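Just the one chain here, the form predicted on its own, laid out as structure tokens.
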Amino acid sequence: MDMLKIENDISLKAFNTFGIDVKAAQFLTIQSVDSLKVLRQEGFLAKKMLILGGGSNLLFTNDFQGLVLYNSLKGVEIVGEDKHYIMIKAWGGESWCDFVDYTVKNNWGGLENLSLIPGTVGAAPVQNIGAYGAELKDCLYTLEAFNLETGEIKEFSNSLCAFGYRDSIFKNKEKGEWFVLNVTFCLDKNPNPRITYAPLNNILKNKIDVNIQEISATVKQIRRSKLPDPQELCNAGSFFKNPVLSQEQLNNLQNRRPNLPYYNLGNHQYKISAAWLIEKAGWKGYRNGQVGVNGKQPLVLVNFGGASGSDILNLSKQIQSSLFKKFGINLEREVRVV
């Protein structure tokens, strides 16, 4: 069994991409499943806890008066294959970007549209990350998670994860109950590239026999052109979700905004661009002190240096209020506030 090396009063500035300088009362790096078992046996899991991966989808507004569990479980292995598909297991502390690059390099299709998304493999299913016409749920086969209350290790099928738009059972119904240990993906040995999403299609539509390496490179090119690098300008990527509207809501909005861009999700539901709404409401490039809205991609709120989490949260609330008044749209946060 592992010996626990719990640290006290640890700065979390390096553990969140907003660069917010708050402290955790206690901090433990999880490098094995045994560490979780010892924690439970010794009663630590009865405390207030926060599971931390890459910190790329969090906004801290205060010091965390509890125990932070930092997922550092490592490993990638092939667990099954046939002539069509390969099953590959990645542990929760692996870098998502590095893992996707590994699959693309080996020509295993399915994750290429999700290239360059920051964070870890363990955090990816919690959020059901998605971009450029793909979502994590499209390729997830199973995952294993540790129940922090009971100590049970459970295998979740794709359907048990209850995935939704930037949502899952781990973010919603059973939030905070499970520590994701590893994720197994089912990837295609004969990739079927997806370039239906407009930004990708605009660049690749005239190319013959597009491969997943070109898709991955194009996704990276687009992301780098629009999204600031958190290492250079602190941010958490898209701060808000793109609103999903009914046919009636879309029609009402189009009556006022005929050039409104939208994406048909099927079942009479339509996703509209939060970035477009934010720009039309005049927020693109806005700055107030050390917080602001990115000038290239208005979905991104930024910390220019030294801002507090409350400063960023207040700016987000101003934007939400503005868009509700102008468009009647309730903009939801994608970033989790702690």
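Residue positions are given as counts along the sequence shown, with the first one as 1. For clarity, every value in this text was computed on a predicted model and none was experimentally measured.
Heads up, the form predicted in complex with a small molecule isn't pictured, but that's what we're talking about next.
In the predicted bound form, the small molecule sits beyond 4.5 Å of every heavy atom of Asp63. Contact annotation: Phe99 falls outside 4.5 Å of the small molecule in the predicted bound form, judged by heavy atom distances. None of the heavy atoms of Ile195 is located within 4.5 Å of the small molecule in the predicted bound form. With a 4.5 Å cutoff on heavy atoms, Ala236 counts as touching the small molecule in the predicted bound form. This chain is displayed alone, yet in the predicted bound form one of Lys47, Arg40, Lys284, Arg287 has a heavy atom within 4.5 Å of the small molecule; that residue is Lys284. This chain is drawn without the small molecule; in the predicted bound form, the residue among Lys137, Lys226, Lys207, Lys189 with a heavy atom within 4.5 Å of it is Lys226. Look at 74-82, 150-158, 163-171, 103-111: in the predicted bound form, residues with non-hydrogen atoms within 4.5 angstroms of the small molecule sit in 163-171.
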